[in-house]
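Take a look at this single chain in structure tokens; it is the form predicted alone.
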Amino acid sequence: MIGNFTFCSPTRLHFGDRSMSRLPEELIKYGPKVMLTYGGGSIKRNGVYEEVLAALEATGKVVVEDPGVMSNPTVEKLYNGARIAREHDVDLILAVGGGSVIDYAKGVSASAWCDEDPWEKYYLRKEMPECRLIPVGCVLTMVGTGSEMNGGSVITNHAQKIKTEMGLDDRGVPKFAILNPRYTLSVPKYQMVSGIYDIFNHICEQYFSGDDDNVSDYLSEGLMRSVIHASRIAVRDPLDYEARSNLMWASTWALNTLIAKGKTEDWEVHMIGQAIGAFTDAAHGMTLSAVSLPYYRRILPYGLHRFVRFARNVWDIPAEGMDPESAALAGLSALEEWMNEIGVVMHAAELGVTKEMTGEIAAVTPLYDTGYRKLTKEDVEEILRESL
């Protein structure tokens, strides 16, 4: 039975190859000072920077630039960005980039006017903001995280060896997002594939929980099949617009909370992956791909019904006539074949994880009890060793 829930989606999305033309109508809704946040030089090389500046100039905005957001935004960068936003009293943060830039922008939004240490308050104690938040808008240039339509913000503290998230309520979700698939075509293949697996695993984290076969499960299966199909095309031809647009749209819907409704959710793969990222600074999607199969094989006996369904409805495995465990394992074998086909990282050692590090990584991995089985620290360490 589906439980009680509330669904709210406050983000206004503009999708397609002409979506940038809608940016001025969004900008005029906010005051004159805009903090333009982005990563390295890619948006200047591919022309997106000039398009964004043209829209800002056309709407008479005063621009405060905040470049240099790294792929795993750090707490030091967060503090600096919050200081810039506060000192200039900006009216809008415009994040131009992928999920890391948008995550960072949401973190700055909640931190600029926070009268406590935002790392302690939001990321460690998981408290909600009580201060005013600066509105955030997005121009998406890389897909994977779904950050353009949710309240999550992942930040890394290297000193504490912690990579963790805060979850903002509706006030902190981006107000608008420009989704032009053409902006993703210049993303290097490694990052594209990393993003593809991030999309897929977001769906898995919600799908592999509960046993009631509700509407969310059917939506998840359709999204997974779409990602598999589009990924194969995009890997063969990264410039295929249709494939890249389908991946962009699937990414947004994979983590805007819709398919989580009625589900307990299981985010343990993400917790292990983020812990790896805190030690290695590896690409997020690749940390997930490295540990997914060892994790799912470990919990499969406790969620057998769902893994059989996964084999049948996602991978078209004729489970009828097979014993449930064999059918479920066949589904994971199909997943493994696809992962190898698109070229994700299959072993954590490729990311810099060593046998000696596994105990330390396990020690900082949060353990949840919303999946089919709650892990122990020893379980996590074994999963990490199996992933090497």
Ligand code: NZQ
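Residue indices: 1-based, along the sequence shown. Treat the numbers as computed from the prediction; the structure is a model and nothing was measured.
From this point on, the text means the form predicted together with the ligand, which you will not see here.
- This chain lacks the partner; the member of Gly31, Gly60, Gly47, Gly41 within 4.5 angstroms of the ligand in the predicted complex by a non-hydrogen atom is Gly41.
- Contact with the ligand in the predicted complex, judged by any heavy atom within 4.5 Å, is made by just one of Val314, Val193, Met142, Cys114: Met142.
- Taken together, the three residues Asn214, Lys263 and Glu265 all stay farther than 4.5 Å from the ligand in the predicted complex, as judged by their closest heavy atom.
- None of 124 to 132, 145 to 153, 290 to 298, 219 to 227 except one has non-hydrogen atoms within 4.5 angstroms of the ligand in the predicted complex; the exception is 145 to 153.
- Contact annotation for Gln206: none of its heavy atoms lies within 4.5 Å of the ligand in the predicted complex.
- Using a 4.5 angstroms threshold between heavy atoms, Pro188 counts as touching the ligand in the predicted complex.
- Taking non-hydrogen atoms only, Val69 approaches the ligand to within 4.5 angstroms in the predicted complex.
- Contact between His284 and the ligand in the predicted complex is found at the 4.5 Å heavy atom cutoff.
- Taking the ligand as it sits in the predicted complex, the stretch 270 to 304 comes within 4.5 angstroms of it through a non-hydrogen atom at His270, Gln274, His284.
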